[in-house]
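Take a look at this single chain, the form predicted alone, given in structure tokens.
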């Protein structure tokens, strides 16, 4: 479904993504793991196309130059230079790091905003599904997003992304700042979403322990480059991964 070849991203002369080659199979969960500044969010921005908007804004204000090289193909189509809005219409939907919900809008309003690409029938069906996968949101539908807990906000952010009818759901560090109990619950929810809907999921995460068991294939980034890849089992059995993420 998604194939990235020889991708490189530079901020001025600093390299953020270093010659990465990644594949995401349709209907599967692919993981991207790495420490802070490993390049995870830059990769997500590049796949979603947001990096192109950031690049344009920087050029307009005379800021840092951003250079994107390489090739990104989605469902066999080259989308390397496609606008983020057109990528969203093709089904590439980003759930960004730190949630970024609309704090002054209610939970229900946030979800409806997410459904701007959906038909009425799709929006109704997906809203019911979001309430099924994240039951607390139904009871909180009239509460403003800014008054939700961190875990509730993350449920809302993922729910809002689902309302946009993704074919490829990009989850950028969804476990950031959450309790271990909430991390485990969200990891199970991501697994269930994939099983129940067949949506292809690419998830980037610093906290690999809860995510490694639910992925089909994964990559480990260091300094913008992919240094390891393998199945869930292969990564969990790798001594370097055990040392970095499990303290073993």
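In this text, all values refer to a predicted model and were calculated from it rather than measured experimentally. Numbering follows the first chain given and starts at 1.
FYI, the form predicted in complex with a small molecule isn't displayed, but the following is about it.
Among residues of the shown chain, residue 220 is not one whose heavy atoms approach the small molecule to within 4.5 Å in the model of the complex. Interface residue remark: residue 181 is not counted as part of the site for the small molecule in the model of the complex, having no heavy atom within 4.5 Å. In the model of the complex, the small molecule sits beyond 4.5 Å of every heavy atom of residue 189. Looking at residue 35, you'd find a heavy atom of it within 4.5 angstroms of the small molecule in the model of the complex.
You can rule out all but one of 210-218, 37-45, 190-198, 22-30: in the model of the complex, only 37-45 has residues with a heavy atom within 4.5 Å of the small molecule.
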